[in-house]
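Presented below, as structure tokens, is a lone chain in the form predicted on its own.
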């Protein structure tokens, strides 16, 4: 294969985002094997597909500001339909209801994912980032991640840990769950809103770090708030971004975590919050 044809192939992320119109407010899609996790797609890529369904909708007003994705059931290998309905459009904001439905071998449809989103027209207002980016070494001064956790989606990212990496010993020792790391698409790809949405779920489960025990887990709900403008995303380009996450409460089989994504220049690009199920 020639160098030219290799470089002209679509990026794995763009292949995953290729939704096909399938009727009013509906898009045909399929889980990408490039982003496969243990028993299904990586949750971040599903969230990105849901965001993409809103972003490519012909009735969309403004840019994505917030999205909440609820993982109601496992997404499998079969094709599915994402329905994105603009529930209400105001002068400068628009509210969305999104549903992902999958058809089983018997032809029965079931809902695996539900979501809500808000898009809005940008307004020129006073702006500030109160949550400042921590002082960290530049990405090129940090070695890349290597782990014994073999899932396909990890191959799609270049991860350079600074703090709170993947545990090296599963001894049940309690420790802080704070993680900081530089991360970017692998191979490099210009950052956009769907990719930023996916990056908000790029962290290992906080409970694995908190207690150094690899218990079964699954994200139940993920909310992403997009703070970056189109110009700020363009300025990032293919550079790594700084990603930080920390757990908060762990009890009764669920824990939550917050996360922040900064540009290399210290601009807060996105924040997120998610609820995760865990099992003893």
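What you see is a predicted model; the values in this text were computed from it and never measured. Numbering follows the first chain given and starts at 1.
What follows is about the form predicted together with a further copy of the same chain, which we do not show.
Checking 133-141, 193-201, 113-121, 154-162 against a further copy of the same chain in the model of the complex, the stretch whose residues place heavy atoms within 4.5 Å of it is 113-121. Each of 99, 129 and 274 comes within 4.5 Å of a further copy of the same chain in the model of the complex, counting any heavy atom. Contact with a further copy of the same chain in the model of the complex, defined as a heavy atom within 4.5 Å, holds for exactly one of 235, 66, 61, 38, namely 66. At the 4.5 Å threshold, heavy atoms of residue 73 reach a further copy of the same chain in the model of the complex. When a further copy of the same chain is considered in the model of the complex, residue 14 lies well away from it, no heavy atom lying within 4.5 Å. Contact check for residue 228: a non-hydrogen atom falls within 4.5 Å of a further copy of the same chain in the model of the complex. Contact annotation for residue 177: at least one heavy atom lies within 4.5 Å of a further copy of the same chain in the model of the complex.
Applying a 4.5 Å heavy atom cutoff to a further copy of the same chain in the model of the complex picks out 207, 210, 211 from 192-213, in order along the sequence.
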